[in-house]
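Given next, in structure tokens, is a single chain: the form predicted alone.
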Amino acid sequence: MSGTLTIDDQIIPFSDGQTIIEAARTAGVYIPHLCHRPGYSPHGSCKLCTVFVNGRQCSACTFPAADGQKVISTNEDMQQDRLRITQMLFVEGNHFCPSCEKSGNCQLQGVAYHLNMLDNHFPHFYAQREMDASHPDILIDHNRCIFCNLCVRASRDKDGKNVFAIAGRGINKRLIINSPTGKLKDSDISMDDCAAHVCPTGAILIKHTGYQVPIGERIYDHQPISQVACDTEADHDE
């Protein structure tokens, strides 16, 4: 089955089984997102891709495309909601772009630029979460985790290892390591695993590789995230 839907009055074709965000991406239409990644099971946790479908609020990454749908994605209120969500993500964790080696390759930063985020709006939490540098090749800065669940899904569905999990709720939510000690060094993660490379922020980093690509020559230094995310040949970078 296939058909067409409209996104902000633009006619978008879709194929059977596609979600709204997948149909949009295939047609070159960017809907902001952080927890979605092509080839991964949809999760719907970041809420940045929230759209109105026939007047109903839905996550574009989880809602199936259907013939005749009228989707509103970019009105003023929705863009303001996305901006506030992004600002909250920045102040809740340690996202100081000038000092982060992921700058220029960070999807959170890319989304902030796309939304014209000029300040944090909210006061910083200054949360104190420990860093796990126990593994010889991989580092985790828990202060940068946005709980997108991508590393959990990557380890489970792509690597077949279940290295990561999310525990707790609300302000007690945290990324945990499934190892006897809770440390990354005692897990079976490898630097070649998908889970080690899928993080959209600087929470999971490969050691000994920082700044090999200079700032100014990185992914989002060349193209805005709206273009990168719609490049079907760049799934591994998006």
Partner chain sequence: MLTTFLQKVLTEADYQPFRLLGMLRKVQAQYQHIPPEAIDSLAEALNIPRTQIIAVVEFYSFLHLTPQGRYDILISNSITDQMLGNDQIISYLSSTLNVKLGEVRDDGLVSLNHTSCSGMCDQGPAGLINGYPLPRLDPPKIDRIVALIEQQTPLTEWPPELFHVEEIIHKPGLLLTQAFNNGDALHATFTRGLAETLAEADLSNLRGRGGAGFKTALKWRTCSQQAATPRYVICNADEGEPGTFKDRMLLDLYADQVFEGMTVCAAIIGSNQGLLYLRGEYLFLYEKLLDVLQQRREQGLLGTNILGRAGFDFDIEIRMGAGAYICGEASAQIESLEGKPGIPRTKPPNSVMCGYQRKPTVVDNVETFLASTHIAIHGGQWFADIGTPQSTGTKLLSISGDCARPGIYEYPFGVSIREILQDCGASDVMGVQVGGPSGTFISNRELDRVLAFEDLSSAGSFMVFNSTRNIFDIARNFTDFFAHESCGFCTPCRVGTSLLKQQLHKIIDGHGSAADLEELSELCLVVRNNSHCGLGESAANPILTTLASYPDLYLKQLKHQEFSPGFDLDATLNVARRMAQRDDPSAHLMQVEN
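Numbering follows the first chain given and starts at 1. Worth saying up front: this structure is predicted, and the values here are computed from it rather than measured.
Quick note: we don't show the form predicted in complex with the partner chain, though the next part is all about it.
Undergrad: To verify the annotation, which of these, Ala112, Ile72, Leu139, Leu89, has a non-hydrogen atom within 4.5 Å of the partner chain in the predicted complex?
TA: Exactly one listed residue reaches within 4.5 Å, namely Leu89.
Undergrad: What is the one choice in Ala27, Ile176, Ala66, Ile206 with a heavy atom within 4.5 Å of the partner chain in the predicted complex?
TA: Answer to the contact question: Ile176.
Undergrad: Taking 4.5 angstroms as the cut-off for heavy atoms, does Asp81 touch the partner chain in the predicted complex?
TA: Flag for Asp81 set to yes.
Undergrad: When the contact criterion is heavy atoms within 4.5 Å, does Ile85 count as touching the partner chain in the predicted complex?
TA: Taking the distances in the predicted complex, the answer for Ile85 is yes, it comes within 4.5 Å of the partner chain.
Undergrad: Consider Gly55 of the chain shown here, and say whether it contacts the partner chain in the predicted complex, taking contact as heavy atoms within 4.5 Å.
TA: No - in the predicted complex, heavy atoms of Gly55 and the partner chain never come within 4.5 Å of each other.
Undergrad: Though only this chain appears here, would Phe96 touch the partner chain in the predicted complex if you measure heavy atom gaps against 4.5 Å?
TA: Because no heavy atom of Phe96 falls inside 4.5 Å of the partner chain in the predicted complex, the answer is no.
Undergrad: Is it the case that His121, Ala167 and Pro180 all touch the partner chain in the predicted complex, with a non-hydrogen atom of each within 4.5 angstroms?
TA: Verified in the predicted complex; spot residues all in contact, yes.
Undergrad: Within 4.5 Å of the partner chain in the predicted complex, counting any non-hydrogen atom, which residues from 37-56 show up?
TA: Heavy-atom contacts within 4.5 Å come from His43, Gly44, Ser45, Cys46, Lys47, Thr50.
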